[in-house]
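Given next are two forms of a protein chain, the same chain in both, each as structure tokens and marked structure 1 or structure 2.
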Structure 1
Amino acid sequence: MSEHRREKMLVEAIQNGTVIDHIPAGKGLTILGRLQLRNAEVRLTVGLNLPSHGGGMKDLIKIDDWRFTEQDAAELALFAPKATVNIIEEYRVVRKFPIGLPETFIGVFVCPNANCITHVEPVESRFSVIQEATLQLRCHYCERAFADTLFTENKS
């Protein structure tokens, strides 16, 4: 990458790792928190409220030395279903894929219903996407539907 191009970048380039781009403005810190829960020692660069080529604003996260898989990306789909993941090697994008919203989330989130059996039995949480426009998930076990804003904790 030329020095001239680096000078114009708002966020420093990474040599190897993952760039999550087109995160809706305001969701970057939520995703950052989830990444920190998975690996508190990972080196991250965050850009908030950056101008987007499509107009408007976006957030962006660069993660050094962590190449995302589709599974890694799917865990973030609840917060940024239209974001893009770029895998970087030697400052070049070698793979690019949309996060996309999976049909189900298994073992990713804790059920917001405190009375759900997942809080007392050793089972993985399981949620089905029942509405995409205003995102809602239904718990497989208690069968209650929840808005995406209720999911704040990682399943551990």
Structure 2
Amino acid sequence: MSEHRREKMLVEAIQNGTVIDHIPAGKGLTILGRLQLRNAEVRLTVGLNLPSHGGGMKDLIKIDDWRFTEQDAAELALFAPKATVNIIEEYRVVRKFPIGLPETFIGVFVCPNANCITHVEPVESRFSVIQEATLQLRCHYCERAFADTLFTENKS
């Protein structure tokens, strides 16, 4: 079976839902964890270390019966900024878009500042994305900025 054909099958083997493709190899399980946090019931199929078009390896996740919005995808942006999202209907890709970094993350991450008010009040966390020399998230409440790795390496 050709690489192309094999990948086509991997992508199209679900009837309705979402396929997240081109996840950097090794990040698949992290993304899986994030998805399960959002929806523990959802049916997931994971492919790890699959051959990638440009050589090298990638991870891939198929999600049955959950059509991603841009917002859903944006929540994964810190973990797999280069990934693409395929929306599947009746075994066909009906929409394809890259995962884009949003301007703000709302209710996605926990503030790394232990003394931040968000830990003790009924309020959603909120971070603005600052992209300068490095990527940082700034808490809307305590105003501290944190490196993206603080969110992606410790929490999955």
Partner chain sequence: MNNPLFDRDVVSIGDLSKADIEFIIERAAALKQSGPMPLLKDRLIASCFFEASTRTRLSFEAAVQRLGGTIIGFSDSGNTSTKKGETLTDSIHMIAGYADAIIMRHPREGSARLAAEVANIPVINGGDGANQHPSQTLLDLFSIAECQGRLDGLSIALVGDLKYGRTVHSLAQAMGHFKPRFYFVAPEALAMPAYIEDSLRAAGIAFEYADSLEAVVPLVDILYMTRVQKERFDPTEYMHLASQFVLRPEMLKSAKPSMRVMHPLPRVDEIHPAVDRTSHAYYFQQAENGVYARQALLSLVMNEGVLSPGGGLV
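Here, a residue number simply tells you its place in the sequence of structure 1, counted from 1. Each form is matched to the other, and the largest set of C-alpha atoms that superpose within 1.5 Å is called the rigid core. Since we're looking at a predicted model, the values are computed, not measured.
K.L.:
Which of the two structures shown, 1 or 2, corresponds to the form predicted in complex with the partner chain?
P.N.:
Number 2 is right.
K.L.:
Please indicate how large the rotation of the smaller rigid part is between structure 1 and structure 2, in whole degrees.
P.N.:
Here the smaller part turns by 16 degrees.
K.L.:
Would you mind giving the Cα movement of residue 132 between structure 1 and structure 2 in Å, after fitting on the rigid core?
P.N.:
Shift of residue 132 at C-alpha, rigid core superposed: 7.0 Å.
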